[in-house]
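Taken one at a time, structure 1 and structure 2 that follow are two forms of one protein chain, written as C-alpha cells.
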Structure 1
Amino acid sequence: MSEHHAPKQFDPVVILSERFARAIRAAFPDAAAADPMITPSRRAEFGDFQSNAAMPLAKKLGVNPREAAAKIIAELDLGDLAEPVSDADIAGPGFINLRLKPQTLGAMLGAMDTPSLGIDPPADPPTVVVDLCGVNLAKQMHVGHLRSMVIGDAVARSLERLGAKVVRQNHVGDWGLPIAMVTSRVRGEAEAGRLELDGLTLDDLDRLYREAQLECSPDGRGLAAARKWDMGPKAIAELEAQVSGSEEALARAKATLLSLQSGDAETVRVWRTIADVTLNECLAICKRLRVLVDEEHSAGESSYADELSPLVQDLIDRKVAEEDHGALIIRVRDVTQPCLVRKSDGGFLYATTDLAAIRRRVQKLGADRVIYCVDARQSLHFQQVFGAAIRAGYATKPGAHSHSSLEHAGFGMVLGEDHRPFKTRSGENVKLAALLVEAEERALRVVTEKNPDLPETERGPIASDISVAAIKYADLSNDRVKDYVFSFDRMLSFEGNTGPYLLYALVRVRSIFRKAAERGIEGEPGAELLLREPAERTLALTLLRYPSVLRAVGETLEPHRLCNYLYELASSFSGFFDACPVLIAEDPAVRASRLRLCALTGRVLEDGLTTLGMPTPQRM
C-alpha cells in the first residue's frame, strides 16, 4: 500500500493466494512453498473461490487431507475479505470453500474500475512481430486467408492491449518461380493484345495464374500412363506435345524470373501491376473485416531477395549449413528432417526466405517474440526453420544472451457442413469477398426483421457490423488449432453463443444509458457497489476475471479463451439485466450501484470485443 505507483490489487485470486500462502507456511513449515491453488468455484453453491492446496500437501507430507485443510484454516487470516471459514467449509477430500463478503467484492471491483480495467502495461514492454495475412500474388483470397487475418489480428490486438509493441508483418507471397510464371503469362497475353494491363482485375489474375500453372506443369504421369496402357500413338503424341510445350513455358518463366531479379524495367512493371492489383484487393478486404493490416505492414518475399545469397554464404562460412546430395541443408536438433536452404540447381527455397525474415525481425525490428499465424499444416516447416534460425544465431538480438521466442500459432482448416474442406458446389474455393457479401445480405434481412424501427440509413452499417462480428466470432471462438465447421445459419442465427449475441449485450448496456439520459438520470462513477442479489454477485465475479483471461490469451495465443469469457460475461449480464431493474430500481443507492455495474460491463465488453477485432455498434 505504501508504493502508490503499484496498481491497486483487485484480483481476488491473487489476494486470496497471498493469504493462503501465509497460512500454509505457518501450518506446514516443511512445505512452505506449496501452491495455494486458488480457483473460482465451478458451482455457485460451493461459494466464490476454493483452495485445492490441502490434497497435494497431504500427499506430500503423508497426512490426512481433510486434517491438512483444517490446519490451514486454523492459521488462515482472511480479515474481513470473506465470510468466516470453518471446518464446515471443508468439502469432499479437502476442498476449502470461500465466499467473499459483498463489501469486499464491491471494493475489489471498484479497484478494477480504472481506465485500464486492471490491465497495465509492463515496465519494459516487449517487441512482438506478428506474421499474418500472407496473401499470394495473383490469387483470389479464400477462407484459408480468413483465419490468418482474423486470428492474426486478434492475437496482435491482444498483445497490444497487454502493452507490447506489436509490429505486424504481411509476408506477401510475391516472389519465386510461380510468380514468374504468372508474370510471364500476363506479359505474353498483354503483348498479344488479349489483355489490358491497366484494367487488370484479381479475377483475371486468378485465371491467368491457373493457366500459367497448367501451361508450365506437364502431366508427366498422364504420359507415363498413356504409354503403359498403350492408349495409341495419337494420345501419346498429344501428351508429348503438351510436355514439350510446358518445357517452353517453363523456360520462359525461368527467364522471366531472371529478368525480375536483375530489375528489367518492363518485367518489373508487369510484376508491380500484379502486386498492386492483388494487394489493393487484400487491403480492401482487411478494411472491410476490420483487420488492422495496411500497406505499411507489407514485407513481401521479394524484399528479402537480395539478402538470400549473402545469407546462405554466411551459413556456409560459419559451417551451420552443409552439403547433402548437391543441396545445402541445416540439420536441426530433435527434428528428423533437415532444413533445406538451397536446391542443387542453386535456387533458394521458402525456408531460405523465412530465415532472412527471422533475422530481420529479430535483429533489425528487435522482436522478443515472433509469432506466425499460419496454417497448422506447416508445423514441420516451422520446426525446421525455427531450429535452423536459432542454430544460426539469427533469432538472437544483438547483445542478447538468449534467443527470442519463435512461435507458430497454427490454425486448422475451415470445413463445410459436410465436414470436407469448405468449397462451393462446383468445387471452387469460396472467395472471401463473396462470403462477406452473403453474410451481410443475410444480416440485413435479420436486422430488418428484428428491428423494423431502425432508420434505413442505419441498417446497412449495422448489418455490416453484425456480419463481421458473426464471421470473426465463429472463427475465433473455436480452439485455434482445430478445424472448424463454417455455417452461415449457425453464426447468423443470432441465438446463443454467437458474435451477434455479444453485440446485443453491449447494445443493451448502451441503451440503458441512452434511456437514463432521456430521463435525466446520471451515473455516479464512484457509487458504492452493492452486491446483494445473486445475479449481481455473479456479474461482479465474472468482471473481475477479465485481466487474467487477457493475460492467458497473450501467453497461449488462444483468442477463444477471450471469446468464452466474453460469452460468459454477456450471459451474466443478461441474467442480471433480467433479474435486477436498473433505472426503475426504487432505492437510489441501488440504482447508482447497478448503473456502475452496467457501465463497467459495457466497458469490459467493448474492450474485449475491440481486442478481438470485433465491431461495437451503438444499436442494432
Structure 2
Amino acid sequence: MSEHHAPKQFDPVVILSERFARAIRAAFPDAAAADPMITPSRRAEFGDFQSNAAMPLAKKLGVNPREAAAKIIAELDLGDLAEPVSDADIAGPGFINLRLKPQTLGAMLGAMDTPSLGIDPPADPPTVVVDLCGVNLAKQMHVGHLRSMVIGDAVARSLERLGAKVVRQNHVGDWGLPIAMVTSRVRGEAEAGRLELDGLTLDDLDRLYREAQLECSPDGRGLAAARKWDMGPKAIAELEAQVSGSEEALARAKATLLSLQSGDAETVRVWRTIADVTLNECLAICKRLRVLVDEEHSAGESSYADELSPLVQDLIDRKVAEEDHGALIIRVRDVTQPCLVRKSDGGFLYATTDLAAIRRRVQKLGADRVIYCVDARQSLHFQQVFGAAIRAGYATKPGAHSHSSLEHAGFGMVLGEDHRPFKTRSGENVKLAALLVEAEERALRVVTEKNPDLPETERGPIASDISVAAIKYADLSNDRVKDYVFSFDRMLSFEGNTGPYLLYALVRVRSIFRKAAERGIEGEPGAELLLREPAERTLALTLLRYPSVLRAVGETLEPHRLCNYLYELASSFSGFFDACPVLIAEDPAVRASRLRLCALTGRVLEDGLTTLGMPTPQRM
C-alpha cells in the first residue's frame, strides 16, 4: 500500500489542504499564501470535498475563476488519495469537486482506529487552570450556577482529553463583609438558642443571609424623607429605630469580620460550619450533575486574605499602581477604565483577590493557560484584571519570557420560555437542586411511557442518566456566548438535537454487538474497511473529523462544536443503520467491515459524550 493509502495524518481536510496549497503555489507564485478553502461537499453526488480557492484568487489576480481553477487542477498531485480531478469537476464559478478513493478512505479510518482515536498527547503537556462553579457561602445554588459548572467541566474535560494537565478551581466567595454579616447573624441566633449549629441547613442559611442583608441596610433615605416632609413622630421614630438598629447590626458585622481576620476560635467555628454546609451541598449537586469538582478543587477567597496587603504594597513599590482620589488603581492598556485594587477607605475588592489568584495560578501552579468560565457580563472586569495582572508581571511564570494566556470563556443567560431570565412564578431564582429533581421526575415518566416493561430497579438509573444528559446537552449545544431558553419538553425529547437522542444512538450501537454475541458473531478489529455504499462513506467521513473537532474545542473553548459534531455522527450512523444491513449482510467481509465501522462509531460517541461530561448508559 502506498504512503497515500496509510497516511500518518488521516484528516482529509488537512491532507487535501496541503496538496492544494502546493498546487496553488505552483500555479500562482504571487499568491503562494492563499487559503485552499477545503470544505466538505454539501451534496454527496458532487463528491466528498470541494476547494473554493479559485474565486478569491481570481478576484485578487484579475483572472477568470474557472481558468484559475483549471490552473490549480493542472498542478494538483493527489496521487492515490482521490479520484482523478479534471475540468469536468469544476462546478459553477470555480468550485473544484473531488472524491476520495474508497481504499484511501478506508486506510485513513483504519489509521484513526487506535486506542487514542487519533488524539495523541503532546510531548510537552501544558498546564491549564480552569475556574468554574464559583459558589458563595450561605446561598442556595440556582440556575445561574448551571452554566459555569457544566461549561467549565466540559472545557476542563476537553483539555484533559487533548493531553493537558488541568487544575480545576472552584473560587468560593467565603470572605468579606457580606459573609461576616451572615456569620454574625448565625452566631446570634445560636447564642439565643433559636438555632442549633449542628443542625444548620442551607435553607436556614439562605434565609439568614437575606435577613442579615436586610438587617444591615439602614433606610437613611426614608428617614430623611420623613423628616423633610414632617410625616409625624410615629413614622420618624420607627425609621430612626430602623436606622439605629441597622447601624448596630452593621457594626456587629464589622466586628465579626475583625474577629474572623484575627482567628477568633468561636467566630471561625461558626464560619467553618457555614462553609461546610454550603460546600457539601455544592459538591452533592456537582456529583449529581456528573461535574468533576471535589473539595480539593475549592479555593475560597479566604485563602487569599493574607496575601492582599503584601500584594498591594508590591504594586505600590514597583509603581504599577497609582493613587487616584484616595483609591489605588492600575491603568490597563486598551481598556478605558482602570483596574481598582483598593478603595479609598482601604478596603480590597474582587479585583484584588483575582490578581492574587492569577499570581498563584501562574507562578505557583504553573499555568500556561488560565481559563475563567464566568458570566459574559463580567467581561469588563476580566479585561481590567487580566491587563493589570500582565502589567504587574503576575501572569508570567518564573523564568518565562512571555506571559501565560488569560482567557474569559464567557457565557450567556438561561432564559425561561417567556425569553426572560429563568425565574420561579414568584420571581425568585430557580434553585438548582429543585431543577434537577424535577428533571429526573420528568425523565422517569418518559422512560416509563416508552418502556413500561422495564424493571423498576432499572428505570431510576436510566432516568437519572437521561435527565443529566438532557440538561447538560441543552446547555452545551448552544453557542456559549448566547442566551438560551430552558425547556424541559424540548430537552427531554428523544428526537432531534438533544442529549437523550445521542444516548439512544450509543445504546443502539451497543445493542448491535449484544445481538451479534447472541448469534455467535464476532467482530474483527482489523477487518478491511470496504466503504462501498454512500451511507458508509458518509459515516466514515464524519468519523474522520473527530480529532480536528476536539482540537477546535480546545482552542476556542466552545463545547457546542463537539455537540454539533456528535449529533452529525449520530445522524450519519442512523442513515448507515437504515441503509446498510450489518448482522444480516450476506458477504462476511462486508459484515466484518460494517461491524468495525459500528465499533468505531460507538467508541467515538462514548469518548465524545464522556468528554462533555455526559453519561454513557448500556441500555435505555
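These numbers come from a predicted model, not from an experiment. Start at 1 and count along the sequence of structure 1; that gives the residue numbers used here. Throughout, rigid core stands for the largest set of C-alpha atoms superposing within 1.5 Å between the two forms.
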Form selected (criterion: the form predicted together with the RNA): 1
Selected hinge residue, Asp131, His145, Leu105, Val362 [rigid parts, motion between the two structures]: Leu105
Rigid-body rotation angle between the two structures, smaller part relative to larger (whole degrees): 9
Shift in Å of the Pro65 Cα between the two structures [rigid core superposition]: 2.6
